[in-house]
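Shown next as structure tokens: one chain only, the form predicted on its own.
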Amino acid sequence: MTTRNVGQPFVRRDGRAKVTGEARYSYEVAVPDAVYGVLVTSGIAKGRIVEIDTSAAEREAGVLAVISHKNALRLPGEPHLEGPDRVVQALQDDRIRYSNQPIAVAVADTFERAVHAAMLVRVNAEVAAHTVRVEDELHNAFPHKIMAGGKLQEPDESHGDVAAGLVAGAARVEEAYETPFETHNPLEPHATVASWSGDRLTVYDASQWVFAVKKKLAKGFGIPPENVRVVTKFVGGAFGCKGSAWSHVVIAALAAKQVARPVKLALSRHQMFGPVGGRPRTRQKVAVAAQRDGKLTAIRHETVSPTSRFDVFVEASALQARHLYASPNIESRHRIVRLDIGTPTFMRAPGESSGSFALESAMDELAHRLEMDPLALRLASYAEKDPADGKPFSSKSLRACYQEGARRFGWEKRPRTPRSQTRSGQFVGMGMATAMYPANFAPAQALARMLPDGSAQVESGTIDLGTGAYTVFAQIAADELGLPFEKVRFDLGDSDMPEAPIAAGSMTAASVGSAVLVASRALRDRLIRTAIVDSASPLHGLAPIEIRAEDGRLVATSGKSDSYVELIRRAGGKPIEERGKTAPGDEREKFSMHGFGAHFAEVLVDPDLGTVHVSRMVGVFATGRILNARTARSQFLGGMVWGIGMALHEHSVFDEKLGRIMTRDLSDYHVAVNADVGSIEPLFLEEEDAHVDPAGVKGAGELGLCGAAAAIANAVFNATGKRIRELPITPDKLL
């Protein structure tokens, strides 16, 4: 069957609804008789609540309740789940564990009255000693298994003799690198609408995973999972922070039950800092050594990151060192420390983005010491098989990414020595780095249904984060069913639909795309069988192999055909549907599966002001089958822009004395804006990968960020001769 839809740059199905306001995000869903909840959060980092005075708030007009640990309903169950879920604080005790922790919720008949009531709550707290400094707890650092690639991995791994390998190198680098706390700032803050009907709960939540929210609420409130329905039709950005059901989700449901009214609860921008995760700070040590020809003799990558006192999260920054470059001696170590902070969480390319900054900076430093081209150094230790376990790669086009990126960027014009090239009075520098991200794949289900009018409806309970799920899955189904793209509708975001994994880890296209493919193929095959046994069909009695799907019809090699409309009419006029289920198989044990790419960056650095402007970036990526050229380009572009923010801007600054984040809005927490972004050219090389998953897809959402900050940092060194090993690269570090 000829593919006509997959790969085409169709405009996103949800685009018009979003720009016209037709799209309704979770907080905007109209629920009859709804009231509004506003959180009260802690002003201290650690201690306990001695007294909480809600009397003034409760006297205000329109206030239904102010709920705290003193009067909150007791949850019959602990809502924490295994996996990527987080331990929450749901007003069940008087303990304060971190600054900005939810400690009460004001519920009123209008949003404004709820805000006012929350401001009137007075809290007397007993302050305990705290620390938010990694350095204070290094003596208590400990290893913990890492959840990565869909499975638990050991924190430490080594092969060969790294110490001997470091000595054997003609040149070596041993340096420390640091990335800061970063905070997700999607345009849509976290928001939940909760409504009870007896012991049945319906929730509209800004979520990356409706099924985890469903299970968490069912467990916490002690009700059957089938009594909980979670809906998320549109998400205004997430990037990992909406992958877990945080405290406010449980509190919204608790408040709704307590006041016997549906409750709408949204976090303020200030409340996005602390209670709903972030990328933790990392302290990394990297040692690399190589022979004169660039062949690596050793790699050592060690990292320490913080977690909270009450939960565990590991930023797996040293994982890439295990898989990226060929070396006979490789060692990686992960340690975490407990601080008095909210639990960190997954943030776009967790581990890989922070780890690639350190590893790829060290590789650039090694190239400089060897007086070798940084690209040539990487090619000298190109891994033809996975160094960690010797498995072949399911596909790997990194060499082609290097070559095409260097050609499109003009890498041959890179200044050989720092500070040797200027443009309009500014130093010019060029840098590059490698991108790698695991090709994740998780169990998923989908349903495909042929309707009497000859159109198809396909469903899966996945989420569209703005990545194009509404569009690309319709493209897959259209090709399998032989329908025009316009005649397939894909729906998502409802826990009553077939179960799908978390929309994270760049695995949605691979996982749900494969389930959609299997379900659509099963539906097509059933329609063929229906035609074959239908004596009134022109295809009656033919063999299935003789029939293909094309333009809304089943067409035989002889030219005879039968339309879906007529086929269903004769079969009784009711929709015909099939389900599809996919899951990782033995292939995952036989092959190493990753997406690869290469970043090239040019920067202009003002010698007097120390300001850095990224004037050009070229990224070339190989991620299996491309489902939609437009949405894929958008994903890579977004990752590269994020790389600019990571390299130059993003930093959640703590007041160590108070233990609270001081950069609590977008005037203080800087992200890359239009003025910061020069020419960005994302390119992709399509691969045929028969092993990675049924759809042949590797994720694109996070690969574009991996290595991007390192390429910019390497370009800054090429421009100035100053090596910045602590992000972000700000003027004070260059002057």
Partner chain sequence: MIPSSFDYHAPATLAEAVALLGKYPEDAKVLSGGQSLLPLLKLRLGQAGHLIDIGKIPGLEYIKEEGGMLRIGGRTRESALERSEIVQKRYPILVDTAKVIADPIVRNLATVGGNLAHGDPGNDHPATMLALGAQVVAMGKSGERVIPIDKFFLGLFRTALQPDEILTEIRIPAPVEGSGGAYVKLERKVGDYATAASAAYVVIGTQGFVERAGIGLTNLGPTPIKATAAEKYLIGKKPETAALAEAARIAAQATEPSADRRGAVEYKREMARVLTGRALKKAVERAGGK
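Being a predicted model, the structure only gives us computed values, none of them experimental. Residue numbers count along the first chain shown, from 1.
Although not depicted, the form predicted in complex with its partner chain is the subject of the following passage.
Student: Quick one: from 119, 138, 176, 152, grab the residue that has a heavy atom within 4.5 Å of its partner chain in the model of the complex.
Tutor: So the residue touching its partner chain in the model of the complex, by this definition, is 119.
Student: Can you work out which of 673, 56, 690, 50 has a heavy atom no more than 4.5 Å from its partner chain in the model of the complex?
Tutor: Comparing distances to its partner chain in the model of the complex, the residue within 4.5 Å is 673.
Student: Please pick out the stretch from 437-445, 68-76, 603-611, 533-541 that is in contact with its partner chain in the model of the complex, where contact means heavy atoms within 4.5 Å.
Tutor: Correct option: 603-611.
Student: Using the partner position in the model of the complex, report whether residue 686 sits within 4.5 Å of its partner chain, counting heavy atoms only.
Tutor: Residue 686: no, not in contact with its partner chain in the model of the complex.
Student: When the contact criterion is heavy atoms within 4.5 Å, does residue 28 count as touching its partner chain in the model of the complex?
Tutor: No, no contact at 4.5 Å.
Student: If we define contact as a non-hydrogen atom of the residue within 4.5 angstroms of the partner, is residue 663 a contact of its partner chain in the model of the complex?
Tutor: It does: once its partner chain is placed as it appears in the model of the complex, residue 663 has a heavy atom within 4.5 Å of it.
Student: Any chance residue 112 has a heavy atom within 4.5 Å of its partner chain in the model of the complex?
Tutor: Yes - in the model of the complex, heavy atoms of residue 112 and its partner chain come within 4.5 Å of each other.
Student: Going through 701-735 from first to last, which residues have a non-hydrogen atom within 4.5 Å of its partner chain in the model of the complex?
Tutor: Residues within 4.5 Å: 731, 732, 735.
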